[in-house]
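Here's a solo chain for you in structure tokens, the form predicted on its own.
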């Protein structure tokens, strides 16, 4: 894409006076960096992905309230993680993270392990243990 063809559509970046760095070619065909305020198809795709994440977090929240899963699943979704990423932060195998979604198993976890989860979610141990599902 040529530098003068870089999209400058309205996006969330535009509302906070920020620009995205893009690569384009100049008039000689050399690669250069240029700034873009956004591109409508990309903005739509990102907004759809964010809405999907919010829906998954809300569904997980309802499962926690119905005692069908542990708060770990809710905070994982809220923090835009998946089981593999969370396992990496906590330092355990992914299958163990999945097992910890079970409310009965969650209640038996040690404070040491729960603290690792709390650290990954940037919340307090107490917040995780009590299942305080506020999104603040």
Partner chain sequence: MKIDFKHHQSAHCENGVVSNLMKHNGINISEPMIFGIGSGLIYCYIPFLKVNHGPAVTYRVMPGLIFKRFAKRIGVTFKREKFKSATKAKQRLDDNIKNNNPVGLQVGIYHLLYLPDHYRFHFNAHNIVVYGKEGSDYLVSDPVIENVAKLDEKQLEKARFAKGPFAPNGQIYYPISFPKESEIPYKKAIVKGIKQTCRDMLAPIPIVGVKGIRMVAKLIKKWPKKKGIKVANHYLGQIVRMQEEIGTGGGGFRYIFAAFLQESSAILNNEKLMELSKEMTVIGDLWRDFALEASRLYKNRKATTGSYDKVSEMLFELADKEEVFFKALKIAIK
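Positions refer to the first chain, counted from 1. Since the model is a prediction, treat every value here as computed from it, not as a measurement. We call the rigid core whatever largest set of C-alpha positions still superposes within 1.5 Å between the two forms.
As for the form predicted together with the partner chain, it is not shown, yet the points below apply to it.
- The stretch from 105 to 113, 37 to 45, 92 to 100, 60 to 68 that comes within 4.5 Å of the partner chain in the predicted complex, counting heavy atoms only, is 37 to 45.
- None of the heavy atoms of residue 124 is located within 4.5 Å of the partner chain in the predicted complex.
- Interface membership of residue 27, defined by any non-hydrogen atom within 4.5 Å of the partner chain in the predicted complex, is ruled out.
- Contacts between stretch 44 to 68 and the partner chain, counted in the predicted complex as any heavy atom lying within 4.5 Å, involve 44, 45, 46, 47, 48, 49, 50, 51, 52, 53, 55, 56, listed in sequence order.
- A displacement of 2 angstroms or greater separates the C-alpha positions of residue 22 between the shown form and the other one, with the rigid core held in common.
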